[in-house]
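There is one chain below, alone, in structure tokens, taken in the form predicted on its own.
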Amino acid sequence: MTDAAAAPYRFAPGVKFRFDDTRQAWIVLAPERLFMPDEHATEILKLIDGARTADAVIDDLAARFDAPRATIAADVLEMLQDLIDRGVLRR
């Protein structure tokens, strides 16, 4: 288990993840930015609750989609790091 996979993730202050009725899509609202995550990113973001670690997210997705954990892990960790770099998520 890596440090990145063991740390809980949460949305950064001022960032909201919600379903937008007007767009009929999940969105991430950040100060002066709007992200429209794709279907895969949405499934990951729905699991970010401030307590769940990347390992827990990966395990949940691997079980739910009956996919190889290693494949899921690589994609999830890459996406989480990208969102940290953009200031959307924190550990």
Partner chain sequence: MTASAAALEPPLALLAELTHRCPLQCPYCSNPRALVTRAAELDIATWQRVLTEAAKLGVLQVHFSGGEPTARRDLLDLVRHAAGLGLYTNLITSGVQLDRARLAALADAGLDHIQLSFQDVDDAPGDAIAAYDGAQAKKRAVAALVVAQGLPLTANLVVHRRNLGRLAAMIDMAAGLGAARIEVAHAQYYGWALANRAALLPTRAQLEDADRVVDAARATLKGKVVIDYVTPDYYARRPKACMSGWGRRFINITPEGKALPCHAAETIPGIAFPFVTRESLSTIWQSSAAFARFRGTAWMPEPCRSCDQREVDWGGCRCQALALTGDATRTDPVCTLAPDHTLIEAALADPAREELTFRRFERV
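Just so it is clear, the model here is predicted, and its values are computed rather than measured. Residue numbers count along the first chain shown, from 1.
Keep in mind that the form predicted together with its partner chain is not shown, yet the notes after this line are about it.
4.5 Å heavy atom contact, residue 33 and its partner chain in the predicted complex: Looking in the predicted complex, residue contacts with its partner chain include residue 33, since a heavy atom lies within 4.5 Å.
4.5 Å heavy atom contact, residue 24 and its partner chain in the predicted complex: No.
Close approach of residue 78 to its partner chain in the predicted complex, 4.5 Å, heavy atom: Heavy-atom contact with its partner chain at 4.5 Å: absent for residue 78.
Residue 7 within 4.5 Å of its partner chain in the predicted complex, heavy atoms: Judged by the heavy-atom cut-off of 4.5 Å, residue 7 is well away from its partner chain in the predicted complex.
Three-residue site 41, 46 and 74 fully in contact with its partner chain in the predicted complex at 4.5 Å by heavy atom: Not a single listed residue reaches its partner chain in the predicted complex, so no.
Heavy atom contacts to its partner chain in the predicted complex at 4.5 Å, residues of 57 to 91 in sequence order: Read in sequence order, the residues that approach its partner chain (within 4.5 Å, in the predicted complex) are 84, 85, 86, 87, 90.
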